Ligand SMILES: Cc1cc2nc3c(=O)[nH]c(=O)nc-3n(C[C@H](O)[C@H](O)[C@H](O)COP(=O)(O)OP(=O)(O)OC[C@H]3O[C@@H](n4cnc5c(N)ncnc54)[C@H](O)[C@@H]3O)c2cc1C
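We begin with a single chain expressed as structure tokens, specifically the form predicted alone.
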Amino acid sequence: MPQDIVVIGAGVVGISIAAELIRHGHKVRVLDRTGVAAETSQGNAGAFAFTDVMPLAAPGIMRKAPKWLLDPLGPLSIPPRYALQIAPWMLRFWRASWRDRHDASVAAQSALMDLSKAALERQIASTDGEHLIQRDGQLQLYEGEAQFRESLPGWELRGRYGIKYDLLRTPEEIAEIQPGLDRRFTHAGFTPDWINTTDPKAWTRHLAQSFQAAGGEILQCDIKSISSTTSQVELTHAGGTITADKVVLAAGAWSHHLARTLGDRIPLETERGYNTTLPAGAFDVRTHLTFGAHGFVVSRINGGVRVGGAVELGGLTLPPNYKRAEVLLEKASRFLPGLDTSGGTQWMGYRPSIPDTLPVIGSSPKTDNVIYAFGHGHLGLTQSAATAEIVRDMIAGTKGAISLSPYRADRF
């Protein structure tokens, strides 16, 4: 039966959910405090990273963390003034890195990725979006034999979950896929099924236009709290209240604050990611490039080059540290000797991160009328179409394609 549904959040996850729900006959409104793709969805690397099933909380991560954390510009950092505040989250992160939790996370992530890959193709077809898609694969690059060998268990694990890949063992093999790399990169893993969008902001706006063309409404509104009665949900904002049959909370890094007003405490932290986007002609990027040991990627965006990544666990209120973007760009200029670093635009975004790297997808423990769909970390774009189909099935009361137990809100 059609329902009156409000989706909080106009990033790629929220817009994908709204578009899927209206396509199945519901009355849907999207509320966002800043607008469509105005936050993290506008500036990410543009990757549908279906092969990225390895959680950040991996066995051995805590042995590496002290070295990283001592470097304020390293691939993983915590600003000293934020260290005490994030300590409970880090304790859960450490526990998630144990082998039993890690293997369960990989299995759950792989199931969600399989659904995400198929759901994206359905989303592209239903919105006529192929012109915004790049199907060029991805290279994970390694400096030397030792680094490559350390990566092999991860590649074997991907293979067990059906992920296609080719291992390259010489700079010459790498150059056949991506010329112009420094020869320090002697080995690589190539995943041919990796997909990018030409521009994540344009992709999200494309989905929003499809939603509006079907009769959906997008309003700029800063929701302050959520409460639930027996039959409806009430949303409070500065101008009054809004009611709906159901509410989907997909507000990214801000979601846990709203969940708390309903009485749910969810351990979400913010991975602040930095990048620099260079204009067209900066470098001939032919595939998505991942420099895993250095915590950043290089991708092609609108014919230009986006250099970004790293993890700064620093919450929502500390000022940006754009030296991190500068460090990544300087490294990229060494790794891609022909890269023209002039004319770039810097950006910082907030990735919503749960300790075990899995999103929260499911009903609030307080009420079935509020559905949570947030905490995707750096995989929001990747998993947005699958999340939309999962929420659609929940609202319809039909059995979904995968078990939602690993993603439930009360798993902590």
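Don't overthink the numbering: it's just position in the shown sequence, from 1. Note that the coordinates shown come from a computational prediction; the quantities given were computed from them, not determined experimentally.
Below, we refer to the form predicted together with the named molecule, which is not included among the displayed structures.
For the named molecule in the predicted complex, the listed stretch (151-159, 268-276, 227-235, 171-179) containing residues with heavy atoms inside 4.5 Å is 268-276. Taking non-hydrogen atoms only, residue 119 never approaches the named molecule to within 4.5 angstroms in the predicted complex.
Taking non-hydrogen atoms only, residue 185 never approaches the named molecule to within 4.5 angstroms in the predicted complex. Taking the partner from the other structure, the named molecule in the predicted complex has a heavy atom within 4.5 Å of a heavy atom of residue 222. Contact between residue 33 and the named molecule in the predicted complex is found at the 4.5 Å heavy atom cutoff. Within 4.5 Å of the named molecule in the predicted complex, a heavy atom is found for all three of 9, 254 and 351. The contact residue chosen from 360, 386, 371, 381 relative to the named molecule in the predicted complex is 381, the criterion being a non-hydrogen atom within 4.5 angstroms.
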